[in-house]
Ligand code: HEM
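Next comes just one chain, in C-alpha cells: the form predicted on its own.
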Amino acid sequence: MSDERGIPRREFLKSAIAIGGAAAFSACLGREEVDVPTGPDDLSSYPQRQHAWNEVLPRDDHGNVIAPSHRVLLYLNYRRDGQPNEDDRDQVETALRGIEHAYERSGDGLLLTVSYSPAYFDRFDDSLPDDVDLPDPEALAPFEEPEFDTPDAVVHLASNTAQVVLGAEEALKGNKSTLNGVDQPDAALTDVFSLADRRTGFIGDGLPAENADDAEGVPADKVPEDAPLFMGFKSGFKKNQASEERVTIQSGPFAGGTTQHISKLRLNLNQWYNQDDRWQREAKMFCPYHAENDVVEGTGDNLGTSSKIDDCQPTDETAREMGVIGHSQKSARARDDDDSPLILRRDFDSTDDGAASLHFLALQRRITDFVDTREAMNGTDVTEQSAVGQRNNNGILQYIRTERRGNFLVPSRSLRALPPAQPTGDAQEVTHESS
C-alpha cells in the first residue's frame, strides 16, 4: 500500500523509526491511520514482571505469540558518578509513567522494559544477591570477537504502531509536552541518563522483504515476500520458547525480574540465498530430515506450534551420516529437567548502519541459561566426531557474525528506576502507585 508520495507505508514507517526524532514522529502521525487508546489513570494493575508481555499480545492461528513489529533500544549511561539518589529515581519513574498513561499496554499500544548492566551495579558497595546470575559479557564461541556493550541501562520500546515507539522515545527525551492527548510530566529520562546508542528494527510478515533495499548485500529478490525475518523462516514457535514463568527469577530481592542478553549479529544473506539452495537452507535452519521430506512449507507456518525437531535424527547421527546439522536441531538440546527451553526470544531484524543484522534479544532466568543454549548452538561436541566444520555445514553459524554482546538485569516493575544492588523491602515498594 502506497500513498500519494509513492512510498509503501510500511517501508516508510520502518525508515522513520530508524531515523527517529520529532520530524519522524510527526510524519508517522500523518501516515498511520490508527487511534491508540490511552493508558489508565491508575497503573497499579500493571504486572510486576516488566517482561510479562504475552498476555496482551495477539496470537496467530496456531496460538503462537505474534511479536510487536517495531522496536527501539535506547542504550543509556547514568550522568552521575557513584550511587543514584532518590530524586533521580523519582525522575526516571515519573518519565516512564508518563508514556504509560499516554498509551495502553498492548501490542498496538506500548510495551517496554528497563534493564541494567553489570557495569551499572559496579557502582554499589554491595554485590548483587546470589539469586541473580549477571556476569560481564564475554565471547561465547572460539571464532567470535565481539565488542561488549557496557552502558548502564537499556530501554526496550515495542509496538505494532510506529508512532507509538517514536512518540514514547520523544517523550522520554523531554520533547513532548503532550502525547496521544495526555499531558506529559516535567521529567525526562535524558535529564538523568545520556544516550550512548540507539538501535532499531522490525519483525513481521513481509517487513524484511519490504526493507531489503535499505541494506547492502541483501538479495532483495530472494527474501520471501511473506517472511517475518531476513533468513526466510518463522521463529518463536510456542513449544520452542521458554515461558515467561520459566525465565523469571524466583527468589531474593529481584524475584519477578529476569536477565536479558542482547547480541548484534551481522547476517551474510548474499551467501545464504545465492550460494545455497532451498534444501541447504532448510537443512541448516531446521535439520536435514526436514529438507529430505519437505516438512517446511514456505516460511514454516504449516509447522504449527513447534519446529518439529523431535522428527529429526539425533544430532550426532545426522552429523556423521549427512555431514550437515541444523540450527534448530542443535539449539533444541538446551532444555531443563522438565524438557522446557531455557530462553525466551524477543529478537528482531535491523538495517541499522545500512547492513542486514539481527538484534538477538533473549530473556532467561540466569545468563548461564543463555550460555548453555549458545553452547548447544555452537555444536562443538558434534564437530569433534564428524565432518561438520566449526562453522561450515554447522547450522547457520557461517552466515552470522557476532558484532556485540551485552548482559542486563530486567528488575521487577517496582525496581525499574535505578535499582540498588541489594534492595530492601522499602526499596521494592512501588512509588506513585495511582499516578
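This is a predicted model, so every value here is computed, not measured. One rule holds for the numbers: they count along the sequence shown, beginning at 1.
Below: the form predicted in complex with this ligand, not depicted.
- This form leaves room for this ligand: after superposition of the C-alphas round the site, using its pose in the predicted bound form, no atom of it sits within 2.4 Å of a backbone or C-beta atom.
- Put simply, T373 is close to this ligand in the predicted bound form: some heavy atom of it is within 4.5 Å.
- The shortest heavy atom separation between Q91 and this ligand in the predicted bound form exceeds 4.5 Å.
- Not displayed here, this ligand is approached by G236 to within 4.5 Å at the level of heavy atoms in the predicted bound form.
- Contact check for L265: a heavy atom falls within 4.5 Å of this ligand in the predicted bound form.
- The putative spot formed by Q50, N160 and V165 is not touched by this ligand in the predicted bound form; no residue has a non-hydrogen atom within 4.5 angstroms of it.
- The contact with this ligand in the predicted bound form, taken as any heavy atom within 4.5 Å, belongs to S328 out of T259, Q184, T200, S328.
- This chain lacks the partner; the member of Y103, F193, F286, Y116 within 4.5 angstroms of this ligand in the predicted bound form by a non-hydrogen atom is F286.
- The stretch among 166-174, 278-286, 75-83, 244-252 whose residues place heavy atoms within 4.5 Å of this ligand in the predicted bound form is 278-286.
- Using a 4.5 Å cut-off on any heavy atom, the residues of 334-373 that reach this ligand in the predicted bound form are, in sequence order, R335, P341, I343, R345, L358, F360, F370, T373.
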